[in-house]
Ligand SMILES: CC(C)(COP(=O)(O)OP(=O)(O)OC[C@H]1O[C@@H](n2cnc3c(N)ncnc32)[C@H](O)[C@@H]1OP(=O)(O)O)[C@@H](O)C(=O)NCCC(=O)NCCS
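The chain below stands alone, shown as structure tokens; this is the form predicted alone.
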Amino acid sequence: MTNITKGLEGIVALETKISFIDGEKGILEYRGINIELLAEQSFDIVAYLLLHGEIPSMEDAHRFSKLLKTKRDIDAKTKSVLNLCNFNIEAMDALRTAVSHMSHCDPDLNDNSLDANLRKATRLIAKFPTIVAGFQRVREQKKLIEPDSELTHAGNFLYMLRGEKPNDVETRIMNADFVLSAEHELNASTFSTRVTVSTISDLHSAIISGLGTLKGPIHGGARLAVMNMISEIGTADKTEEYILHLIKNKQKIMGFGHRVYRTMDPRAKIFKKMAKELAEDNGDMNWYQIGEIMEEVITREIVVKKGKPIYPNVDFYAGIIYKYLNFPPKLATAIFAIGRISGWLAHCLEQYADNRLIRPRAKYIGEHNKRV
């Protein structure tokens, strides 16, 4: 009980077959497949891979996609829950509340078998985009848009959010965002879901744990912070002065640095290319140029001069993409969750399959033998 590792940094808590990270080389794999290859696949295929452990056959892929499409709708009571939410909250808060409500109505609520959990998992993956888009529509006092079964998981989300069908570039990039957000080993929110199911609690409770953890500004909430920071900078010519001020005052720069990676996050490399593509498609390079200048200044001032491996992480260029897609900042973390839920669910199923209660110890540093 003498060795304490603050934040459990570097501690190996369990074994997994779901994803692999090499932080020194900047490698991320889902089920043994490099993220660069998976970023070009449909989210449905990647979700199936995470849940079932293998790339589906064409027949299984078609069946799974069709099943997801049939489960997208949310019932009238869940829509009412969205209407009761405080509209000044983050969408994450509404999503958490909606998931809690849906658990009461789930036909498999008290069935913890693998088949029942796979059914619950499919419903949750399918309904997350509908809840997030629905809350934003309610917040804007607009009519909710019903899911379109002709559209992909990503295209349908953008359609339900905006009320008009997205173009091919936006759909492809939104799909890649969901894929790149889907899984990342034992991050804080994934660990929280595994702790929850290790008590043999239900799947909905675990997802609520994940949502609450992802919301934090130094985890999934960093995308919201990046969007706000980019807006505060405003124009590319003001970027260097802004970043130098943060560095001088030793303030945290959101979207940079990672507990695991000692080089650029492999997901950030892909997001950067997509951010440039969106900028060019929009005919406005400003947000992208701010990002490039930030990266250059931080590399020069921190990586080169101080020798610290502070590189863009997954949230940085994702936040810039969200700016180009015109997402409200309070929607950012919930959109991250639309992708990440598939990884959470895969970890929950893996934990259930070979469970041991996750119960670490703490070193007591208080007083002893005090009198009342």
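None of the values given here were measured: they were computed from a predicted structure. From 1 onward, residues are counted along the sequence shown.
Same protein, other form: the form predicted together with the named molecule, not shown, and the subject of what follows.
Contact check for I55: every heavy atom lies farther than 4.5 Å from the named molecule in the predicted bound form. Proximity of I310 to the named molecule in the predicted bound form: non-hydrogen atoms within 4.5 Å are present. Proximity of P166 to the named molecule in the predicted bound form: non-hydrogen atoms within 4.5 Å are absent; the residue sits far from the partner. The shortest heavy atom separation between L124 and the named molecule in the predicted bound form exceeds 4.5 Å. Partner contacts here mean any heavy atom within 4.5 Å of the named molecule in the predicted bound form, and among 313-321, 62-70, 22-30, 37-45 they occur only in 313-321.
This chain is displayed alone, yet in the predicted bound form one of G155, G257, P266, P147 has a heavy atom within 4.5 Å of the named molecule; that residue is G257. A heavy atom within 4.5 Å of the named molecule in the predicted bound form is found for one listed residue only; from I230, I302, L278, M102, this is I302. Contacts between 213-234 and the named molecule, taken as any heavy atom within 4.5 Å in the predicted bound form, involve P217, I218, H219, A222.
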